[in-house]
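For reference, the chain that follows is the form predicted on its own, supplied as structure tokens.
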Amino acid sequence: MSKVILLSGSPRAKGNTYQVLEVCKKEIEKEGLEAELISLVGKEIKGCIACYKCGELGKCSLNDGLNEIIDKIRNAQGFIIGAPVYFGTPRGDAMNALQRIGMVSRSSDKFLSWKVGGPVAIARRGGVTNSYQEMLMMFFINEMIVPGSTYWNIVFGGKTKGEALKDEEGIATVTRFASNVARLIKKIY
């Protein structure tokens, strides 16, 4: 069965980012695919050190738990990342994870090529579009297929848990995006 890995880049257990990705997970499962939601809560994901050992190792040389996530993504057909936007950009460790996942793929077996997915940005206000675009770059440079939706994958919600779920337009957008990810995977695989 085809599978999608969803990665929550929030440090908050079951906060807005996680809850938005749960909506995506349910939609993917409704389409008949398997979905696994992984959280970075409690992990300290370091930035890429450009050692280029991933090309020879097939995994990252840093040992902070990201290689286990990379293995899950390698074996899936889809990948979605959600990141909170606290200060106008995606949270740092979410971007660290995304950049290292991309670097391992580009430097080794190109496992991201032709996978389906994309980013989701969650914020109280500013920086959401820029954050979405910043994360999107990794998907395109790794030959991934990013389906569209009814708008950008942006959801508004502040620091109160559950607030993002009240953004009806944002939730409708990411629900459609998740459905499109699943439907496209079914057509390709």
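Start at 1 and count along the sequence shown; that's the residue number. It should be emphasised that the depicted structure is a prediction, and the values quoted were computed from it without experimental measurement.
Although it is not shown, the form predicted together with a small molecule is what the next lines describe.
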| query | finding |
| --- | --- |
| Segment assignment from 50-58, 27-35, 65-73, 153-161: heavy atom within 4.5 Å of the small molecule in the predicted complex | 153-161 |
| 4.5 Å heavy atom contact, G15 to the small molecule in the predicted complex | yes |
| Heavy atom of S10 within 4.5 Å of the small molecule in the predicted complex | yes |
| 4.5 Å heavy atom contact, G126 and the small molecule in the predicted complex | yes |
| Heavy atom of F87 within 4.5 Å of the small molecule in the predicted complex | yes |
